[in-house]
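Single chain ahead, by itself, as structure tokens, in the form predicted alone.
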Amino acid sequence: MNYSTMIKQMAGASALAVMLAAAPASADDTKLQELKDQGFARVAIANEPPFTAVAADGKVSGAAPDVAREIFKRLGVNEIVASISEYGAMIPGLQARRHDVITAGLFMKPERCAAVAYSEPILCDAEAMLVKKGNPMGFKSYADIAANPDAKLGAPGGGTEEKLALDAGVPRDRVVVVPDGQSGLKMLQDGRIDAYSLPVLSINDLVKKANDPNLEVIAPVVDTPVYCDGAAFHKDNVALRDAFDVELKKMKESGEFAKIIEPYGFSAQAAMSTSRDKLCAAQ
């Protein structure tokens, strides 16, 4: 290389460095600072204990928000502000930037992983059904409901249970979208549905509060997998997701993660025994 060529290349490199230095930071790089400046993160929840809950005074709790609240505090964001959403509306809301993160027991599945940037696993659970005492229709699986032309199933709109039922062959007109746990419980008690499906812990929480001896829990539902959720971020906010994961990993290693979620009935070991990559690849 001659001297003239070397000078030209050095000049070009210097110009590029100046351009990069002058370029504005990407949205991904500035999102955490934006949340710090506003003092809170907007989170989407479903009000489905023990994953998420809203008390009478409006305070947000549940295992998923409690983990998120602690991690955001460690990142310099002092509070979370929650809005209740149906599962099917959460990802569109995140993509429209109405939320900063979803902390709601939104289980990882390949199609969701393609739409959002998940954290590493936080809460894991299996599927359950709530039925009348004695399980009069003999349900053990979603396929059993599909096989009975008179059976109706209640499930959250856009949730995992709705999809599992439809995939098992339950006709759309026999899958009743239920807005919340109390509504599902009342519909079952009134005979408007024959089973109500939610994750095991959510069903158990509902039954405990209902204190109704005429109910029975079927768990786990046959031929359904164990699922795990994670905090879900906008695809443009991978840097924020990565910062969240750093603190999540520290909490898992220190035992603080277990102290938050295990009183709600979740297993810290279950979340630590798998990974985002495995869950997002599962079919």
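Residue numbers here begin at 1 and follow the sequence given. Computed from a predicted model, the values in this text were never measured in an experiment.
The same protein also exists as the form predicted in complex with a small molecule; that form is not shown, yet it is the one meant from here on.
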Check your understanding: Heavy atoms within 4.5 Å of the small molecule in the predicted complex: which of the stretches 129-137, 69-77, 176-184, 102-110 has them?
Key -> 102-110
Practice item. Look at the candidate spot formed by Glu48, Pro156 and Thr160 and say whether the small molecule comes within 4.5 Å of a heavy atom in all three of them in the predicted complex. Key: yes
Practice item. Tell me, yes or no, whether Ala82 is in contact with the small molecule in the predicted complex, where a contact means a heavy atom of each within 4.5 Å. Key: no
